[in-house]
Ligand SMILES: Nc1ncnc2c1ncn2[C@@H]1O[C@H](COP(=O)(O)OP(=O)(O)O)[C@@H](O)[C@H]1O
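Here we start with a single chain on its own, the form predicted alone, put down as structure tokens.
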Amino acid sequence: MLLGVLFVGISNYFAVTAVPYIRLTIDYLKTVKEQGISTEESYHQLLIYGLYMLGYALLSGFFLFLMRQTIIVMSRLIEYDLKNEMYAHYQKLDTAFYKRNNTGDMMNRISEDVGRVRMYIGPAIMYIFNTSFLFMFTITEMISVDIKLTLFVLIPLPLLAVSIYYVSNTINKKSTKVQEQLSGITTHTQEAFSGIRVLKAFGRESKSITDFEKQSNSYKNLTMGLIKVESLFQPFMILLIGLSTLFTIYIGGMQAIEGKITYGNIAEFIVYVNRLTWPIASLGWVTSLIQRAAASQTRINEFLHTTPEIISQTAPTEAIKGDIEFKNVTFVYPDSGIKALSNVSFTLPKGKTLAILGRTGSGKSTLANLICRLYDVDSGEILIDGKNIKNIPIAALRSQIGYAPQEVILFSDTITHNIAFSIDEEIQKEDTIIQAAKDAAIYANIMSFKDQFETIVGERGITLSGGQKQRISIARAIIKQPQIMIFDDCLSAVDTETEEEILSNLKKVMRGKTSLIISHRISTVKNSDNIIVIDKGEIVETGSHQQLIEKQGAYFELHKMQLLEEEVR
């Protein structure tokens, strides 16, 4: 950037230095007429003046090129760094942040806001320095010719400066509102694309279009308000610049008649005024860029200063073995205030399988979220190998957890890459991926596809059925071969026969691993070493399948109800 500023100064120096040769040329023509200088000699002198002006113009253009190659390239590099910094920060933030902020706004900050900041640190700064150097060199040259004429030419500039100050505040306020509304449009569009199947299923396309038109209309009105301010500002600036030209001709003409300056000086001054025209005219545009960038940088800073609520330890840790213990754990979701768990305590020894059974909303998935440390407990503690989970580095913890969530998210990529997503590329082997697919009972389905493992699944796995997505999610979890495995109701969309096959395969996979199976179906959990029945965030029963049947409590009632459902089917 410093190099770019130097090039700006040199470019403008050569640009201004060429202007006096216009005065010399006009004054020389008058001398030729008055003194009768020969045509050959006058042509030779005019050629010299022309070559000087051409040489200075080429030098000015060359350094102008270097200026753009330094300042504009610098702005692109900063844009690159800033986007990477923001994306890295997004990865550090916890689940609570993503629940509080919508996707459209987050996307807007890393794209539109960063783009506007780049426009400031690139073109805006370039024009600021360009105008500053041009003013400095030009005013110096003008004063050296005639100070009175210079003062008259500069009369409109203070008025211009005051108007810029007031207009910039208006632009800033309007720019902020425009950015906020643009975030709203992005969010609406993203949600419409993600939920297009729901929109079509309920026949709500017209409603979605109407809502989008309202959002767009609001954005249009806000943008038009901003453009009106800018469009009124530009003619006002041109008027002030025009007054400077009129002062030059009128005052300069009187000065020339009185013999205080030459006619060449008038032409020289007009060129100076014209050279200042674009920089002054661009002040409004630059002001708009600065104000928009200020609004965007505020939003970026607000985001970058957001600290994750889940703080990871950096101290080295021993390899995780898999003993899990909950001690009087209570948890309330920070945004909704819903109490998900209340005084929950249990132990899950290394290599054992624990099943969590309960109705929807009983707090089952919350247990999985807490073990993965997507949230921190409000009271009580979770121990892994006897150590508080908060004292284990998050990366070390999660690297030893294979998690198949209730809500399956697949990426717009091949089935191979989706299954191998949880492991590093250097250890991805075809036979390992195939075996994971077989264990998850999805191999036969994959082989029936035209492109088999190279099939692109589409955004969020939209091209697959619910059961297929769940089984790919299971394959993704078990391919890691972690010490702790969590299956969060990930068999809800598969039939009973497929469920039996998957559970049979998982028995081999889970041998020696600590496993947590979360479900609302008895058939999924009945073979677990221990079963916990949870209701309204509290443990109501615990024991093996046979023990819970004999108790004839909540588990027994649920078992009876599900048997009846199967008979009805």
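This structure is a prediction, so every number in the text was calculated from the model and none was measured. Don't overthink the numbering: it's just position in the shown sequence, from 1.
What follows is about the form predicted together with the ligand, which we do not show.
*the ligand isn't shown here, but in the model of the complex, which of 178 to 186, 430 to 438, 360 to 368, 76 to 84 has heavy atoms within 4.5 Å of it?*
Looking at the other structure, the answer is 360 to 368.
_Against the ligand in the model of the complex, would Tyr375 count as a contact residue? Criterion: heavy atoms within 4.5 Å._
Close contact exists here: in the model of the complex, Tyr375 approaches the ligand to within 4.5 Å, heavy atoms only.
*Would Lys220 count as touching the ligand in the model of the complex under a 4.5 Å heavy atom rule?*
Lys220: no contact with the ligand in the model of the complex.
_Taking the ligand as it sits in the model of the complex, is Ser492 near enough to touch it, meaning that at least one heavy atom pair lies within 4.5 angstroms?_
So Ser492 does not count as contacting the ligand.
*May I ask you to check whether Ser231 falls inside a 4.5 Å heavy atom distance of the ligand in the model of the complex?*
Output for Ser231 is no: heavy atoms all beyond 4.5 Å of the ligand.
*Sole residue of Tyr263, Phe236, Phe411, Tyr333 within 4.5 Å of the ligand in the model of the complex, by heavy atom*: Contact check passes for Tyr333.
*Work out which of Asn274, Ser465, Asn343, Gln406 lies within 4.5 Å of the ligand in the model of the complex, going by heavy atoms.*
Looking at the other structure, the residue within range turns out to be Gln406.
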